[in-house]
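This document opens with one chain alone, in structure tokens, the form predicted on its own.
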Amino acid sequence: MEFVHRQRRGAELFLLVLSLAVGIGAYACVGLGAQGHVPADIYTYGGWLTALIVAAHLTIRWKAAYADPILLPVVAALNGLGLAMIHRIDIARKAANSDAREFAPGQLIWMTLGVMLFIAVLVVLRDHRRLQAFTYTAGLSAVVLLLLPLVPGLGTNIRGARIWIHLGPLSFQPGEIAKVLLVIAFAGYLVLYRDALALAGRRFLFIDLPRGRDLGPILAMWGISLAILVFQNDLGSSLLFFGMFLVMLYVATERPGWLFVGGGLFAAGATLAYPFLGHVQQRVEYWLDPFAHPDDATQIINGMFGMAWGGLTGRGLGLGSPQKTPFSYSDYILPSFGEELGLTGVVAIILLYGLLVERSLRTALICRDNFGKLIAAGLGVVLALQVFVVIGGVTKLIPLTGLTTPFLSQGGSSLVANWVIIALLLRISDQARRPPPEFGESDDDMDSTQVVTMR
């Protein structure tokens, strides 16, 4: 007997109430801890946050009734916590300098735009398989977006990396949109050429390596990732894009040989390019011994002291000093949580990310078509790799990169792109969990024209 998924919209609504309580409660605790009173705008802030999440929930009920009920509550909790921490750092920065810029109101506006795009994707995209027709368009658009920061007068070099473009008063990171387009392009390509890529080549040390003639796609992606590393000085994005392609290739072909070939290529390329990458060299030096550079590696040093000061349970929201760490509201927002919520709070946040990735991979497992499987797996891998690179960087497991923490860090392009990712995952999970149509036959006259009814 085939297992039939239920809609579970009531469970999603219950979890959303808990998520909103976490987000709005954290905002109130920040005010109590940092200012001694509940923020005066708690009703307008809480009302706006609730309206956004309820609108997203109603859209799912309307357009994707069988979608995964866990994804939206997890995202709502993470986004609410991120807004509360950015507001907390705004309070400290305003106390030190009344002219300091506030980031929380802008982040709420970006969240509003992200939820609007989330709703638009669910309403417009009725079937994710339609995206397969845009395989090469998505790939070409992604390459153009990745090249935009290199255009003179348009791209901007910030903190050594050239990954931003400026359009009037707005700044934008096109790589965040490019990663979604690349997942669609890779999925469409791998569905078409999976059989050729899965053919075995030579066997070496118990590993089936691919044939030399099939190395074209991986060499092309290797070249793109190295170009990002060399010309944009962005180790994080280079690692993210190449890792995403490798894992999707492995999922499509089920051949671990691709992982060994790809991992070796990336390591060789990064080693050869390293002498020419001053910015990356600097980050590696700060990673190996930050205390040898106390004036330049203040971000790593202050972040480590902050997390150590937080201990197991933290200082309490609004009671620490995360603002002393540079960019504590964006790149280093996780150590800010470590200082004020302690190791317990950081582990809870990591578990939320783990749940997000697990539900993505679960969607890939139950999806009935290969294109949907690859997109769901690819988007889950994107989230997993991004969180790993960020957490590994701030905990000194790997060199620090400039990637944002999904849904937590201040940054409009990242937040909007991640809301679109969740909308795509919900659309695929709706198709995967929806019961297959039942076909019936008319029993009146077998010789007459058969009427097929579809429910």
Partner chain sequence: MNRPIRNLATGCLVLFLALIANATYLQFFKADDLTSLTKHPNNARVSNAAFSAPRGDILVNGRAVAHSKKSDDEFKYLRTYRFGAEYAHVAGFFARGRIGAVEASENSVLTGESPELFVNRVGDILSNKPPAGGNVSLTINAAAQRAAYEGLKKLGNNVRGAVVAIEPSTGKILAMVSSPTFNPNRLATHDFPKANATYLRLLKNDLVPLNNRAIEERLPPGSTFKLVTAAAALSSGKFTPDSLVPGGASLDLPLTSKNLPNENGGSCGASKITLTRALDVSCNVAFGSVGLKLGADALREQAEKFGFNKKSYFTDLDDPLTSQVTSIFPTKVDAPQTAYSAIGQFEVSATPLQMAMVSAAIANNGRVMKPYLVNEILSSDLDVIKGFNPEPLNPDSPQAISAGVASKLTEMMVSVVDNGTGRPARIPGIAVAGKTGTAQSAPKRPPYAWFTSFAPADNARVAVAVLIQDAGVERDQISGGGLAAPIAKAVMEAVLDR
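Here the structure is a predicted model, which is why all the values come from computation and not from measurement. Residue numbers count along the first chain shown, from 1.
The form predicted in complex with its partner chain exists for this protein as well; it is not shown, and the discussion that follows is about that form.
Residues placing heavy atoms within 4.5 Å of its partner chain in the predicted complex fall in a single listed stretch, namely 311-319, out of 269-277, 145-153, 94-102, 311-319. Although its partner chain is omitted here, in the predicted complex none of I60, A76 and L131 has a heavy atom within 4.5 Å of it. Within this chain, A364 lines the site of its partner chain in the predicted complex, having a heavy atom no more than 4.5 Å away. Using a 4.5 angstroms limit between non-hydrogen atoms, L215 is distant from its partner chain in the predicted complex. Contact annotation for Q35: none of its heavy atoms lies within 4.5 Å of its partner chain in the predicted complex.
Mapping the unseen interface onto this chain, V387 counts among the residues with a heavy atom inside 4.5 Å of its partner chain in the predicted complex. Checked against its partner chain in the predicted complex, the residues Y250, W110, W164, Y286 give one hit for a heavy atom within 4.5 Å, which is Y250. Between its partner chain and the residues G188, G139, G257, G342, the one pair within 4.5 Å by heavy atoms in the predicted complex involves G342. Taking its partner chain as it sits in the predicted complex, the stretch 394-421 comes within 4.5 angstroms of it through a non-hydrogen atom at T395, K396, L397.
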